[in-house]
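Only one chain is shown below, in C-alpha cells, and it's the form predicted on its own.
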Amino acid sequence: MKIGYRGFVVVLVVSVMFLVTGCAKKAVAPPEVEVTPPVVETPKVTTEMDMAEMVDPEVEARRILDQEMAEFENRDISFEFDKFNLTPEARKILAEKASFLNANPGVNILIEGHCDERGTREYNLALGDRRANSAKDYLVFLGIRPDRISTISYGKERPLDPASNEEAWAKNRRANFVILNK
C-alpha cells in the first residue's frame, strides 16, 4: 500500500503542478486601430480680384443677373404647324419671362418669330410676325409695357435645325427672345 500511497501522492503533486502552471495563456493583442493623420487643408490663395468679387455685392448681383439673362434668352416658346396661338406650355414660359421683366424694369427685349421651311417665303414671314406678336400681346397682358418689347419675323430664314424632317420643323416653329440692353 505504501507504493500505492506514494504513487497517489506523486500523481497528486504532478496534477497540482500542472494545474498551477497550466497551459500558458495566449496574450490577447489589443485590436488594431487605424490611425489617420488629420487632414490639413491648404488655404486657397486669393487674388485681389477674387477678394473684390467676394466682398462686392454689386459684382455678385451682376453675375446673378447675367445668369438670369442667359436663361431668359435660351428658353424659346414653340408653336404648332401653321399656328400662332399660344400653347399652355408657351403661356407658362411667358409668365416666367414676365416675372423676370417685372423684376428688371430696365430690360428691353426683341421677340423673333420663326417658322419651318414649308410654305413660301412671304407666307412664313407673315406667320413669324403673328407668332412674335402673339407672344408680345401675352406679355403686355401680363403687365409688361409694350414699349419695352420689339418684334421681328425671320420666317424660315434662320432655322434652329436645318434638317428637313418633322423633328427639325417642330424645333424651328418658335419665338426666340433676345435682351437688347445687356
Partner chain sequence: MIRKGMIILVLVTLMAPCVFAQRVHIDIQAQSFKKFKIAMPAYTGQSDLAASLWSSCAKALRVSGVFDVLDPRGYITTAALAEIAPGTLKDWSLIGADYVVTGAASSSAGNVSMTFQVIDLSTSRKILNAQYTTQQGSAYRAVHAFVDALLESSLGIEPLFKTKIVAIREEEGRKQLYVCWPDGTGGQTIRGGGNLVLNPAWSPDGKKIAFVSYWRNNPDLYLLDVASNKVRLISGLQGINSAPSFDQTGNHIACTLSIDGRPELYLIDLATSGRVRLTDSWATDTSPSLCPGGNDLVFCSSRAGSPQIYHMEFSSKKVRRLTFEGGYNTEPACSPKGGLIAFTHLASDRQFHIALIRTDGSSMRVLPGSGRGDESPTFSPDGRLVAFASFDGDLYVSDLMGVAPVKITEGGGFQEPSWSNVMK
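Residue numbers count along the first chain shown, from 1. This structure is a prediction, so every number in the text was calculated from the model and none was measured.
What comes next is about the form predicted together with the partner chain, which does not appear here.
Peer 1: Residue-level question: is Phe72 within 4.5 Å of the partner chain in the predicted complex, judged on heavy atoms?
Peer 2: Flag for Phe72 set to no.
Peer 1: When the contact criterion is heavy atoms within 4.5 Å, does Phe84 count as touching the partner chain in the predicted complex?
Peer 2: Judged by the heavy-atom cut-off of 4.5 Å, Phe84 is in contact with the partner chain in the predicted complex.
Peer 1: Indicate whether Arg118 is a 4.5 Å heavy atom neighbour of the partner chain in the predicted complex.
Peer 2: Yes, Arg118 is a contact residue.
Peer 1: In the predicted complex, is there a heavy atom of the partner chain that lies within 4.5 Å of any heavy atom of Glu122, even though the partner is absent here?
Peer 2: Yes - in the predicted complex, heavy atoms of Glu122 and the partner chain come within 4.5 Å of each other.
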